[in-house]
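We begin with a single chain expressed as structure tokens, specifically the form predicted alone.
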Amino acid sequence: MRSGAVEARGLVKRYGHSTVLDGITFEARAGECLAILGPSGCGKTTALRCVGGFIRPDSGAVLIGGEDVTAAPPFRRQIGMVFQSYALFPHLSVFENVAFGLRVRGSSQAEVAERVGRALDMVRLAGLGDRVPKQLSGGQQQRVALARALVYAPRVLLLDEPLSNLDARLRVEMRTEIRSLQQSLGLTSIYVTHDQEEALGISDRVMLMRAGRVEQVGTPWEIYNRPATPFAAAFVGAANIVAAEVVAVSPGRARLRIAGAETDAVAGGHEAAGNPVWAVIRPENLAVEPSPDEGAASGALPAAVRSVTMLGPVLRIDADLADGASVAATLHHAGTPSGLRRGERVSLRAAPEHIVVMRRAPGEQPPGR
């Protein structure tokens, strides 16, 4: 494993009878940004703090650059940490906030001045070293926290919900800046967030967690377009998750029956005729067409429009399939009224490569039901 890579092996952490981490294993490759995504209470911050040395796992190991650091304190791990609350000293100047750790380590005045100056340059705060935190905007305070983490030239950068205190515009701006800085430095980073857009936008890979376990790991494209479980499909973006049955299987294709109509999907390798499955379709991949009777014969699904909602550049079409299942489609209207009305009969169609097939146990309900 190259210097800077992080590996967590079988991490377990319990508090009383509650298991927060249930034997999770993951890796942040050297130079990449790994986002840890999941709902509140899933264990993502605990996993990050185990990597940083702020929490000792009950079992398992943490390696950085191939070295076992499970028992090492944080200051021995060569990590930089950015906390959700920023944790700035309100009475110290920007310069002294960034310099604090260097002074504790006994760095010379010349080294402190050189390193702090370089760190403030990296985060675009040169010239603001004499100010105190209350004189800064939220985005500037976040940059101070980032500079303080970078001033040591760490092997690994850990970020725990670093943008949650910023407004929506600043979140996007700072996300872009952090990503650009991480890439330019080639710095291995682990970024914890509950915000799916943030995770997809800042990372090379995403680790989705659920109830102390790893649900799926993949690139942002894989996580969004090829979710591995119904939970992954429902948590990341919007998804139609409808019950289906496999009618037939051919090389690379599975014929599905959904609400009495048949359509093709890309086979995942585990399908067999007669098996119950979930068919997962993103709303933007679902086309809405007239002539439902003809559409049903050609692989589309007959439906009745329940509502049409204007959402800026797109229209959201909510519709009911023949078996009562609810689905949604989003259409770019390009400034032209759709003409669709409540109760109108339509056909819904998705290309086979846009239908993800997942195993379904008899009687299983989709997430959220």
Ligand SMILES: Nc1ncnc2c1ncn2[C@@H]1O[C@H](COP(=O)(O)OP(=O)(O)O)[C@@H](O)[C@H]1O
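One-based numbering along the sequence shown. Everything numeric here is computed off the predicted structure, so don't read it as measured data.
Although not depicted, the form predicted in complex with this ligand is the subject of the following passage.
Peer 1: I'd like to check something about residue 39: if you look in the predicted bound form, is any of its heavy atoms closer than or equal to 4.5 Å to a heavy atom of this ligand?
Peer 2: Close contact exists here: in the predicted bound form, residue 39 approaches this ligand to within 4.5 Å, heavy atoms only.
Peer 1: I'd like to know whether residue 330 contacts this ligand in the predicted bound form, with contact meaning heavy atoms within 4.5 angstroms.
Peer 2: Although this ligand is absent here, residue 330 would stay clear of it in the predicted bound form, with no heavy atoms inside 4.5 Å.
Peer 1: Can residue 53 be called a contact residue for this ligand in the predicted bound form at 4.5 Å between heavy atoms?
Peer 2: The answer is no: residue 53 has no heavy atom within 4.5 Å of this ligand.
Peer 1: With a 4.5 Å heavy atom cut-off, would you call residue 346 a contact of this ligand in the predicted bound form?
Peer 2: Because no heavy atom of residue 346 falls inside 4.5 Å of this ligand in the predicted bound form, the answer is no.
Peer 1: Could you spot which one of 24, 357, 20, 350 gets a heavy atom to within 4.5 Å of this ligand in the predicted bound form?
Peer 2: Contact with this ligand in the predicted bound form is made by 20 alone.
Peer 1: Based on heavy atom distances of at most 4.5 Å to this ligand in the predicted bound form, which listed stretch, 39-47, 300-308, 62-70, 317-325, is the contact stretch?
Peer 2: Contact criterion met by 39-47 only.
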